[in-house]
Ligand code: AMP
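So this first bit is one chain, no partners, the form predicted on its own, shown in structure tokens.
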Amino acid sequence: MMNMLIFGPNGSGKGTQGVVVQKRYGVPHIETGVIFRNNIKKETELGNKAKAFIDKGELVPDALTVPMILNRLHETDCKSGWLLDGFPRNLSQAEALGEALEEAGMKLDFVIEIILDRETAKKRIMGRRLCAEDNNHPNNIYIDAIKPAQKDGKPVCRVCGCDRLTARADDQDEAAIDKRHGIYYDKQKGTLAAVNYFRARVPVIEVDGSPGVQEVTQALLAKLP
């Protein structure tokens, strides 16, 4: 059994590497956003309470979020372990989760941290380009390994050659990106503070997120127990 947390800033490839870890250990990759949506859709007691905050544009309190997460971790598919992604986002959430796991008798085996500097992470987000033929074709003007190809002096999809590449509006919203990264890179109260909270308690596997996807995957697999 392996119980794990994974951290990494937006743009670090955390989601991609999370799938690698999930397959390595045969455990569910649990994203907190999905937990919220499922609880609200099923109209659970916690989901209804959370929806009331969301509808008012307020953050869902940890007192609701942590029990929802624990309920998910107790489900049958988590008997062999789990990989939790997207929580905690700050120090207070880390403390609340740590205490809840201890009370529930759940051992956290280790934490994965994908390290990427803030400027590179921002460029990767803003460099994403969507192919009109298939949004899953990877194109990013700031990543050499997946840069769009050139045809007649115009960027085209590196996979299929489609000449209709676009950028998502939210990927170009610098203020929103800076706000998310501001929370993540905050070592006093933000996500990096949460990483350090667990660093004092369990092993933290650090992986450099700056190389290409395959190189990061190889480095991660080499470090996993």
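Under this definition, the rigid core comprises the largest set of C-alpha atoms superposing within 1.5 Å between the forms. Because the structure is predicted, anything quoted here is derived from the model rather than measured. Start at 1 and count along the sequence shown; that's the residue number.
What comes next is about the form predicted in complex with the ligand, which does not appear here.
Stretch 84-92 is the answer when you ask which of 84-92, 117-125, 103-111, 137-145 has residues with heavy atoms within 4.5 Å of the ligand in the model of the complex. Heavy atoms of residue 26 never reach within 4.5 Å of the ligand in the model of the complex, leaving it off the interface.
Within 4.5 Å of any heavy atom of the ligand in the model of the complex lies no heavy atom of residue 160.
When the ligand is considered in the model of the complex, residue 37 lines it closely, a heavy atom lying within 4.5 Å.
The closest non-hydrogen atom of residue 58 lies within 4.5 Å of the ligand in the model of the complex. Taking the ligand as it sits in the model of the complex, the stretch 151-183 comes within 4.5 angstroms of it through a non-hydrogen atom at just one residue, 180. Core-superposed comparison between this form and the one not shown: CA of residue 185 displaced by less than 2 Å. Between residue 58 and residue 126, the Cα distance is smaller in the model of the complex than in this structure, by no less than 3 angstroms.
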